[in-house]
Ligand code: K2U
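Single chain ahead, written as structure tokens, the form predicted alone.
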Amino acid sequence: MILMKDIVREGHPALRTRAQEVTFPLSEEDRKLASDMLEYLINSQDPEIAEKYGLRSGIGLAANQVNSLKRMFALHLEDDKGELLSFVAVNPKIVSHSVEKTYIPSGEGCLSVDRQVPGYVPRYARITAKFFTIDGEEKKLRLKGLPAIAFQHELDHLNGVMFYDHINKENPFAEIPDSCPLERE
């Protein structure tokens, strides 16, 4: 079981290293990593388990964040229709995206960052993503809103990019052209 102590923090070299493509079939080690990352997110959103193990709530976790340089991440969140999206994306990529941007008005957070980082993080409002399941099945998903933002945040991790790299250094709350803030219900 992944605990907070297993998640590397800012300054750790894994967070700035591009992860390597994963080959199929997945090794037992890679399957366990995928399963453990998803389990962490599910547990972190369960108030009793989170309190018992001191887990910070998260909706996404990339392999880099647990010091494994594999191109995979887990997401566990609901879309704008209340449908649960819960999966591990192996060798994910964005194949197309909207011109329109979006951002979370309160800013983004990260399990590897133990501080508030104020500012808007511009993201594509809608993306079409491709990835493989742990069984090697290719998936294509159209995402918008928070799932699209989370997918981009985790994909950045696999490329050694942190969310705050996207924040305007001179003016963190500068208006983002062609964007609309993400409305939370």
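The shown structure was predicted, so the numbers you read here are calculated from the model rather than taken from an experiment. For every residue, the number given is its place in the sequence shown, counted from 1.
The same protein also has a form predicted in complex with this ligand, omitted here; what follows describes it.
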Please check if Ile59 has a heavy atom lying within 4.5 Å of any heavy atom of this ligand in the predicted bound form.
yes
Though only this chain appears here, would Ile104 touch this ligand in the predicted bound form if you measure heavy atom gaps against 4.5 Å?
yes
Consider Leu146 of the chain shown here, and say whether it contacts this ligand in the predicted bound form, taking contact as heavy atoms within 4.5 Å.
yes
Using a 4.5 angstroms cut-off on non-hydrogen atoms, would Lys70 count as touching this ligand in the predicted bound form?
no
Asn91, Lys130 and Asp156: each with a heavy atom within 4.5 Å of this ligand in the predicted bound form?
no
Taking the partner as it appears in the predicted bound form, which of 132 to 140, 147 to 155, 25 to 33, 47 to 55 has residues with heavy atoms within 4.5 Å of this ligand?
147 to 155
Partner contacts for 112 to 133, taking this ligand in the predicted bound form and a 4.5 Å heavy atom cut-off
Ser112
